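Both blocks below hold the same protein chain, though in two forms, and each is given as structure tokens: structure 1 and structure 2.
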Structure 1
């Protein structure tokens, strides 16, 4: 189980992050201010810390200096989106940053990415009868290898990392194709069709009316 510490003084936001990370299978603790966070870091071992900058008592930058020697990966959550602030955070040893307001998909993707970088993410993911090895990028169904294109593989990972979350077509496009969505739904639909067919997931990847798709399992 991966332990994540959320340091955020705004209760609605910390709750939002906690609920979503928990649903994605992480174990979460929440600290309301810098002092409490420092205490918790001292007592427990965390795989990742999500750190707000504007905190009461001890602010995020100061806390960062405390965390850095422990080598725990950190993602800043900040309302300041000017370059100087981001650079300052990264200089202090943060691995990534998320700018408020953020979408849940983005939060999960960044958490996932940082964990993967630290080899903390699971390298073998099993969903139903499909097994994915993220290190060799190998996908097997019932032990038999399934050949997927690059985009299909990315699409599969996106679905698996956002289980039971309806993914909007534009979100899928932006995440997988890494470019702005210009209203072309055909590309997304086509790739989803092919993925369904290759994995035999016609019933698991559900079309959500007027929205997009959702992986149900």
Structure 2
């Protein structure tokens, strides 16, 4: 299982991140300050660190200098949105930078992207009777292969990695089709309907009124 360290001194934010990452299948530890984080990094192996900058005792920039030699990927999470701050974090070795406040679906996408870059993503994902092999891009239901188009496959991964989260249609379109949403819901709705039918997930992928869809599991 992928192990992630969340270094954040604002408890409501760290709880929000931890709950959503846990629901997405990650194992999470939380540190409230830079000194505690340094101790945890020394004692444990992490696949990714989510790091706030404004921390008690040891700030994120100082902690980054301690993390860098370990080779552990880092995403800065901070309210500091000046270009100079972002450049400093990236120069210190951070892999990405996300500004508060943020949508949790964006954070999950960035986490997934960084882990994939380091080849640390899970190769097999199981939800109920459906198993996805992310290496071969093969999907099986009850052991039988399900033929999905490329977009249906990407849509399935998006739902699975955001279980129990209501996804706006525009978010779905932008994540799966990698282009700006222009207000036409037919493309998203058609692909969701086809995915539901192929997997028998008519009751699991539910429509959320005036929002979009949610995978309930």
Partner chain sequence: MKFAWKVFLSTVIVIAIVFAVGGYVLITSFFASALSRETDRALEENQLMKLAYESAATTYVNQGTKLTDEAVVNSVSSLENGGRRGIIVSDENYKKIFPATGATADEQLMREMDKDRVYRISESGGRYNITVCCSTSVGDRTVYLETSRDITSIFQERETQFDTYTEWSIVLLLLSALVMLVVSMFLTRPLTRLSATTRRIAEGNYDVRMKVKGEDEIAEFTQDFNAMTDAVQDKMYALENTARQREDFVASFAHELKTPLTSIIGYADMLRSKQMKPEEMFLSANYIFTEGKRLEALSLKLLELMVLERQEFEKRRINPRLLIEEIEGLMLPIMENAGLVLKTAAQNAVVMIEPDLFKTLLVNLIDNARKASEPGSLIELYGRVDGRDYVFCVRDHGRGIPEEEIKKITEAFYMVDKSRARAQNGAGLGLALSDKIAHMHGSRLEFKSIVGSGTLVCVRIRRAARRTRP
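It should be emphasised that the depicted structure is a prediction, and the values quoted were computed from it without experimental measurement. Positions refer to the first chain, counted from 1. Under this definition, the rigid core comprises the largest set of C-alpha atoms superposing within 1.5 Å between the forms.
Here the chain taken from the form predicted together with its partner chain appears as structure 1, while structure 2 comes from elsewhere. Superposed on the core, the two forms differ at residue 130: its CA moves 2 Å or more between structures 1 and 2. Shown in the overlay between structures 1 and 2, fitted on the rigid core, is a CA shift at residue 27 smaller than 2 Å. Relative to the superposed core, residue 62 shifts its CA atom by less than 2 Å between structures 1 and 2. Summarising the core-aligned comparison between structures 1 and 2, the C-alpha atom of residue 174 is found to shift 3.0 Å.
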